[in-house]
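Next up: a single chain in structure tokens, the form predicted alone.
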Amino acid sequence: MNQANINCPNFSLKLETASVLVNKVIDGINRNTMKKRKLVWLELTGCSGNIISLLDGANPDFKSLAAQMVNFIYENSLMVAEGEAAMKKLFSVIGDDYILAVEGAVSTKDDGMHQIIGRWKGQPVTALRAITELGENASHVIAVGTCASDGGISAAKPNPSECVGIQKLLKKKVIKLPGCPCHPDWFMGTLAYIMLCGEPELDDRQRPLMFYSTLIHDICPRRPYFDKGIFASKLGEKTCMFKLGCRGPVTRVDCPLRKWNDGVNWPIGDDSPCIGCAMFGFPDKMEPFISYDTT
């Protein structure tokens, strides 16, 4: 990060957004001025990378979420219940107040029969049925990661299972948190904001502006090289990777500030171009990820 950006109060405050919001929620719950909300987390057609990313959250961390902030009703990778008992717990929230978080796209081919998430009363439960029934009854729906937001890798060509993002299946607005995976702060901060104030301010692609308002290119630590016309010709060179295919100039999210794994690093910090995983149309519209035609 160049020195001007490091000292910008706006950017430094952005790093604290998620923890400030989460701590306000926890404080409200401890003071009995707020109640814990029920949270359902569905893993649909994807790689489970978003729940793994959430477990790696640092400040705020997953323990703050699960122990102090919400009543975690359902998450198939983490919960103890299995089989019909798990499905009973999942559908028990309908008619109650709950927030639905979804990672992964939804397979729609053959009425969703290419993705069965469980059995309920002897019948298979498709991801398509789960998102339709649970999504329409939730107070808020959050698409966690690129696949749930816009289809992502699950919907990449040729898309044999006809996967789609969850907004295409729901009549209500979906708050989208694209990224492959979603950063823990983006989810925790958005969830906390919903609990405190309701729907956050969104851009025209339904992404919270508090995390998705800035182009990576504008806050990239290698931006000075771009401005001076100094470009890398191969991976490993510590200059601007624009001519290698970096998608930072079209991708809006705050990776350069927030970084990953408790602020350790991010793709460009490890000499890999941004591949635009938080952009609409990823991966098909972001390819090729690397180009050696640097003329």
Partner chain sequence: MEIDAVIDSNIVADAKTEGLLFRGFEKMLEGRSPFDAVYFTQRICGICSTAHSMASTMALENAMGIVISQQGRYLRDIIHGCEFLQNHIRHFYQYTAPDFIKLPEGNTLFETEHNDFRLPKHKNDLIVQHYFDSLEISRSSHEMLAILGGKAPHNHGVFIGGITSQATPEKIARLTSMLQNIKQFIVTKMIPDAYTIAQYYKEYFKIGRGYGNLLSFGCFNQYKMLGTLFVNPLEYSNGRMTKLNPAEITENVHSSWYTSKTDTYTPFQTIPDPDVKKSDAYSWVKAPRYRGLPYEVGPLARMWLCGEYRNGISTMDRTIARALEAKKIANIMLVLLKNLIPNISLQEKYEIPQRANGSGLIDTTRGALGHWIKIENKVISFYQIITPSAWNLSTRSQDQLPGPGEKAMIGTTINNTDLPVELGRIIRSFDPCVSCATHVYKKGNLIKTMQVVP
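This is a predicted model, so every value here is computed, not measured. Positions refer to the first chain, counted from 1.
FYI, the form predicted in complex with the partner chain isn't displayed, but the following is about it.
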{"query": "Heavy atom of residue 16 within 4.5 Å of the partner chain in the predicted bound form", "finding": "no"}
{"query": "Distance check, residue 53 to the partner chain in the predicted bound form, heavy atom within 4.5 Å", "finding": "yes"}
{"query": "4.5 angstroms heavy atom contact with the partner chain in the predicted bound form for residue 227", "finding": "no"}
{"query": "is_contact(residue 139, the partner chain) in the predicted bound form, heavy atom dist at most 4.5 Å", "finding": "no"}
{"query": "The partner chain: the contacting residue among 219, 73, 196, 210 in the predicted bound form [heavy atom, 4.5 Å]", "finding": "73"}
{"query": "Per-stretch contact check against the partner chain in the predicted bound form, the hit in 165 to 173, 116 to 124, 94 to 102, 129 to 137 (non-hydrogen atom, 4.5 angstroms)", "finding": "116 to 124"}
{"query": "Residues in 221 to 256 with any heavy atom within 4.5 Å of the partner chain in the predicted bound form", "finding": "233, 234, 235, 236"}
